[in-house]
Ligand code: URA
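Take a look at this single chain in structure tokens; it is the form predicted on its own.
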């Protein structure tokens, strides 16, 4: 199993202090995975368990992996941000009482930058054969803000990726190229059901790419 250093984890926690986020969830998986999966950020379930993709979206992701003959143990799962970004909202209880509660939200650019060194280190150390980005946040973190999952999903790209340069305070293109396979975030099927067909097709294509060449 690969594990980021305690020093890097502590640095990530320190860098995101003061932002409306909860917890810290490490990436998880083997040193030589079949795939690296890059999501957006942990949610409430993940912060409670300390394990990436353990909520409803996690079940959806595990079903996609199973469909191509893989399990959680075969892949490295991480995300652009390692803490749960939240916003306050109101929820009406069954008894009619209105209570404040935290809801998930997309991470901001500053939050993505705060944890950029962690994802950079994971990719550098593991050197995954294929990086599967789940949704726009992971895709844009690695390829740039112009990238859209709706346009690039299901296509295997070979491209440099963006790495954070602390000295210049900018993202810069890596010298090496990586294989990136964009697809939709597993949670997207819950609020946009027609995406399921596209997502399932992407995973079928990915399964074909992973089959040994005859």
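Treat the numbers as computed from the prediction; the structure is a model and nothing was measured. Residue numbers count along the first chain shown, from 1.
Beyond the structure shown, there is the form predicted in complex with ligand URA, which is absent from this document and is the topic of what follows.
Colleague: Just one stretch in 162 to 170, 50 to 58, 146 to 154, 176 to 184 has heavy atoms within 4.5 Å of ligand URA in the model of the complex, so which one is it?
Modeller: Only one stretch qualifies here: 50 to 58.
Colleague: Though only this chain appears here, would residue 29 touch ligand URA in the model of the complex if you measure heavy atom gaps against 4.5 Å?
Modeller: So residue 29 does not count as contacting ligand URA.
Colleague: Across 12 to 47, which residues bring a heavy atom to within 4.5 Å of ligand URA in the model of the complex?
Modeller: Result: 39, 40, 41, 42, 43, 46.
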